[in-house]
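Coming up are structure 1 and structure 2: the same protein chain in two forms, each one given alone as C-alpha cells.
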Structure 1
Amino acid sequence: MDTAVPNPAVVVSGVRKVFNRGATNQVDALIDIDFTVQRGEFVSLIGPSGCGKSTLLRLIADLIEPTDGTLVVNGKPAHQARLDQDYGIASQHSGLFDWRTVERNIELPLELKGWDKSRRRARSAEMLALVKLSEFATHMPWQLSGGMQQRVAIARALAAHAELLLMDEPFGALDEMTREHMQAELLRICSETGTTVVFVTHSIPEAVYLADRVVVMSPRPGRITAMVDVGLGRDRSELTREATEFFDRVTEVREALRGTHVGDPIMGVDDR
C-alpha cells in the first residue's frame, strides 16, 4: 500500500469488487486494490482488457459501490464527493448534447448547481478560452471535429471548478496525430489548473507520456502489480517522445505488464 500523504486527492484502501456475487456467473473484477493519488498528480492506469481499469475508475466516481474496502475522494467518502460534484468525468465518447450549443453544453453542470445565467456564461467563456475554442461557442457539437468535441468535454468536466478529473480512454477513438495533440493539450490544461487526473488507457506510450506515475494492473481479477515512477518532469513536448528516458519508461511498463512471462504478447494492450 502507498505511504499516506497529507490531504491526498484519492485514497483507495483494500478495495474488492465482485459482480453477481454468489451466482453461477460471479465475476471477481478487482482484488486488494490499494493506492493513493496525491493532489496535482497525474496517474495512468494500464492493464490488459478486462482487468478492471474502468471498474476502478467508476468506483472512485461512486458510480458503483465496492464489495469490500473504502474509497476517499478529496478527504470525504466517494459517495459524498459525488454529491458535492468534486470531480469531472471524460470518457471515450464526448457525451455532448447535439441540441445544445458548445457553450450551453459546458454550462450544463453549472445549471445543475444552480448558477445564474450570467455567471454560467462567464465561466463557459473562461473554459472555452482554456481549451482554445472561444470562436466555437455558438457552434453545435456535430459541427466540430472529434478532437474539438473532446476538448469541449474536458472544459465541461472542469467547469464547476473540479479539482479531480477522471478520464476513461478519452482519446481512444481519435487518429494518432489528433491523439498526440490532445495529449499535449491535456498536459497544458492540467499545468494551468493544477488538476489531479486519474487516466485509463490501453496505450503504453500514452500512459508514460502523460503521467507522473503509471499503475500497472494484472489480468482479471485485477490487482496492482507495479507502480512505475515516470520521472520525465512536467515540461513535456514532442522531444519527450524521442528521449531515451521516455523509451526506458515505456520498456519498464511493458515488462511490468508481461510480469514473469517476458517475451509473451500482451493481449489487449495498445503498444503504439
Structure 2
Amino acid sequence: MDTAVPNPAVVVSGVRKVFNRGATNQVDALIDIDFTVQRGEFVSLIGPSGCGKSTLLRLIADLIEPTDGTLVVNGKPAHQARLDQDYGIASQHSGLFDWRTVERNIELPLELKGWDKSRRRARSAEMLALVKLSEFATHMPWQLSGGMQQRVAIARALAAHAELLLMDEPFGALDEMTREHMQAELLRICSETGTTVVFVTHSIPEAVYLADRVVVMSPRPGRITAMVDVGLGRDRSELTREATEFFDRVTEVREALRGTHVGDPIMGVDDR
C-alpha cells in the first residue's frame, strides 16, 4: 500500500512466527504480518495480552528470527540494522544493570558505540534532565522506585539518538501524571528529531494520543485486524486529550478491538 514512498523505516512482509515448532508446546505467535512504517511516523501496536506484540517488536529488532517472511529496517535486512545499531529499544522490563550507576546505565549504548567518556557523560546528563532524574545520576538503580527505573531505561533507549525507537509498554509502571509527562516529552523529541517510533501499549487512549497510526492485533495466531489512521496532526497538547476527534478515534480503536472478540470482554486492554 504505502510502499511507494522511498526507503521506509520498517517493512514487514509475510512474517510468521512459530515458537517450539513441532513440539507439543508449539505456539503460532504471529501469522500473515504485513505492514510498513514510514520515516518519521509514530505507530502504536495494540492488542490483547499474548497476541504477539512483543514478539513482533523483537522480530523488528532482530532479537529473534521469523519462521517465514522478511523484515527490512532502514532499507537493510533487520540483522544488518541491528549490527549497525540503527535503533534504540526500551523493553517491557527495565533491565537496568544493578552494578552500574544510573548515568553509567544510560551510557551503556554509547560505550558500545565507542564514544569517549566526556561525550558520554554530557549525553547522559542531557538524558537525565529529560526524564527529570538529574539528582539521581550517581545513584544505583536499586535505590530508585520502579517508575524511576523505567524512566532511566527510556533515557538509555533515547541516548544514542537513534532514528528508530522500538518501545514495549515503556510507560507501564508509571503513574498517570508522569505517564502523561513522558508521553508529551516523547512526542516533542520525536517531532524535533524526526524519530520513527514503533510503540507497543495496552492503553487505547495512549495509543491514540501518541500515534499517527494505530495497528490493531488479534490473538492466536496473532494477526493485524485493523489499521486506524489517527489524523490528529502533529501538534498535540493536553487539549488534544479532550478533543472530540480524539474520542472518536478512541472509539474506533475500541471497536476494532471488539471486532476481534465478538461478545468477549477484551482481556488485557486498558480502556482508561
Ligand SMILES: Nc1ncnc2c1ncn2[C@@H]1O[C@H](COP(=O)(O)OP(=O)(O)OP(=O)(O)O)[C@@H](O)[C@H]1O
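Here, residue number means position along structure 1's sequence, counting from 1. Only the largest set of C-alpha atoms that superpose within 1.5 Å between the two forms is called the rigid core. In this text the structure is predicted, and so the values were computed from the model without any measurement.
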item: Form predicted together with the named molecule - which displayed structure it is; value: 2
item: Hinge rotation, rigid parts compared between structures 1 and 2 (°, from C-alpha fits); value: 15
item: Core-aligned Cα shift of Met148 between structures 1 and 2, given in Å; value: 5.7
item: Core-aligned Cα shift of Arg100 between structures 1 and 2, given in Å; value: 3.9
